[in-house]
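Just one chain follows, in the form predicted alone, and it is written as structure tokens.
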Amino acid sequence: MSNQNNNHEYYERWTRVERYQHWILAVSFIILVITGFALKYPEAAWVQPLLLLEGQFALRGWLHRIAAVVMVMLSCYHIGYMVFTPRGRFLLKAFAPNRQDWADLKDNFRFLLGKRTAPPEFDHFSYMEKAEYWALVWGTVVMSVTGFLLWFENLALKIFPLWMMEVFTVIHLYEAWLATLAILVWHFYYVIFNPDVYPLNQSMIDGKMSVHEMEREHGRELARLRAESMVPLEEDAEVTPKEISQM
């Protein structure tokens, strides 16, 4: 992190509960990716150590199912959090697409093409963050539905013809590839490899963003907070849920 990021004024970006949700999702997702591809491609060299561990026990399958259940339970909790808490409703409103996203997209392309001197300023979530969030929601629904249909195949065959199981398998596989590549290429670039945040965007660790980071990534929100006379939080200051919901 550059010295510019190490000033002593911070805004709370993520609450503790939201960071827990993120890291539970990250761990369950990684386990699903590793075990899922290990089940699909058992001949791969990197899968061989897992096969040695399995013996007579279907380690890959059980880990895959346990991680899937954890992700589904987390998704149910997340829906409740977003619908029934003030902070969740604030985030849900902030994630909603609007006309400004289209204007920001066009301005960002103009900046990347050298037709604009500065990138656009973003609000609490940029159009890129919104796209990533709703892609995650869509991917979770698709993977959960197809995954459980494949898990409980005998029950699914009472409803769907056999050829539909092949369709569910193909959808499950290619959505897995799409989700994995999106995380490796898109998400990892924005939180790790982007020169502005390298070696790591730490907001999902301590929940905070410095004023410099806010200016760079959420300038429109920072301007609004300043206009509303919101005072930046001092380092290590505790923020109550009420204060967060008002941000």
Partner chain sequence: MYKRRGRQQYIASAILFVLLLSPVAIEAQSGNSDCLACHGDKDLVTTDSTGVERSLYVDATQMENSVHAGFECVTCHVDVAPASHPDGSRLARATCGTCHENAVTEVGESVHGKASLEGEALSDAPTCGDCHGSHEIRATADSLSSVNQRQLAFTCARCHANPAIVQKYHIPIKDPFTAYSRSVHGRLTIAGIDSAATCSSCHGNHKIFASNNPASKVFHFNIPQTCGQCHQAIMQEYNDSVHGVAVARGSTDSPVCTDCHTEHGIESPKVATAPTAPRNVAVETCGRCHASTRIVEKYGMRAERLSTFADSYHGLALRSGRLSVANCGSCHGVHNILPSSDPRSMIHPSNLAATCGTCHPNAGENFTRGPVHMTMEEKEGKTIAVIRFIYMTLIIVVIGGMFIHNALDFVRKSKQALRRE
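None of the values given here were measured: they were computed from a predicted structure. Positions refer to the first chain, counted from 1.
Keep in mind that the form predicted in complex with its partner chain is missing from the display, and what follows is about it.
Have a look at 177-185, 66-74, 202-210, 25-33 and name the one stretch with heavy atoms inside 4.5 Å of its partner chain in the predicted complex.
Heavy-atom contact with the partner occurs in 177-185.
In the predicted complex, does residue 102 come within 4.5 Å of its partner chain, counting heavy atoms only?
Contact with its partner chain, no.
Would residue 85 count as a contact of its partner chain in the predicted complex, using a 4.5 angstroms cut-off between non-hydrogen atoms?
No, no contact at 4.5 Å.
If we define contact as a non-hydrogen atom of the residue within 4.5 angstroms of the partner, is residue 80 a contact of its partner chain in the predicted complex?
Contact check for residue 80: no, nothing within 4.5 Å of its partner chain in the predicted complex.
Is it the case that residue 127, even though its partner is missing from this view, gets within 4.5 Å of its partner chain in the predicted complex, heavy atoms only?
Yes, residue 127 lies within 4.5 Å of its partner chain in the predicted complex.
Give, in sequence order, every residue of 185-201 that has a heavy atom within 4.5 Å of its partner chain in the predicted complex, or say none if there are no such residues.
Residues within 4.5 Å: 185, 186, 189, 190, 193, 194, 195, 196.
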